[in-house]
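Only one chain is included here, represented as structure tokens and corresponding to the form predicted alone.
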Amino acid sequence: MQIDSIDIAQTASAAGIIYEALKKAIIEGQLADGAPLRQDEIARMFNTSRIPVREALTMLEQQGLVVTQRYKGAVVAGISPDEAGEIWDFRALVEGRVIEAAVPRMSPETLRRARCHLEAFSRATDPVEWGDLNRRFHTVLYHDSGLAYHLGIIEKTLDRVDRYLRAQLALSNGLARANAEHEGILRACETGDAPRAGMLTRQHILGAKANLLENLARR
């Protein structure tokens, strides 16, 4: 199993550490859809008992990253085309609304950070970096909205679909398209055009949805 493990036999927050390690492995695609998450194996890797492993798997299941199947136990949750379509539609609705709220309150420092993430994204060659920088670019633009509940929902949704976002960026035109669309979104923010920033964000997400569904259909 390809996850980063450490010896946590004497650690009080064992469940939290296991949770973070498994979550990272799932999000970054080290653990594929349907991969079994055997409690005994994970407990050995982390030099702990099954109790914190079970707690970590329960937390992951609550986030939709893990499902429990009869006769198989816990496995990495997959995503169907119908579910993907619903999630991306939801993202377009919520993230478009949040960036519209953020633009009038956006600080120069936020715009500077977003520009740095965009430029780093355009230079990156590692697919893992693409996913990280793409997420940072979007979430920094949402931060000034002040909509804490919305931001929490966005974070959880992105955790659920992060590995599919990374896969979509790796498609033949995914990176170039995302880079151009990011530039348009950022320019709208820089000029204070909230309606345009919202519209471009929605178009960006729905375009990624179309690309992803096409890829899922081929698989």
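Just so it is clear, the model here is predicted, and its values are computed rather than measured. Numbers follow the displayed sequence, beginning with 1.
One more form of this protein exists, namely the form predicted together with the DNA; it is left out here, but the text below deals with it.
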For the spot marked by Ala14, Gln39 and Lys72, is every residue within 4.5 Å of the DNA in the predicted bound form through some heavy atom? yes
Would you classify Ile51 as touching the DNA in the predicted bound form, given a 4.5 Å non-hydrogen atom cut-off? yes
Looking in the predicted bound form, any heavy atom of Asn47 within 4.5 Å of the DNA? yes
Tell me which of 24-32, 63-71, 185-193, 158-166 has residues with heavy atoms within 4.5 angstroms of the DNA in the predicted bound form? 63-71
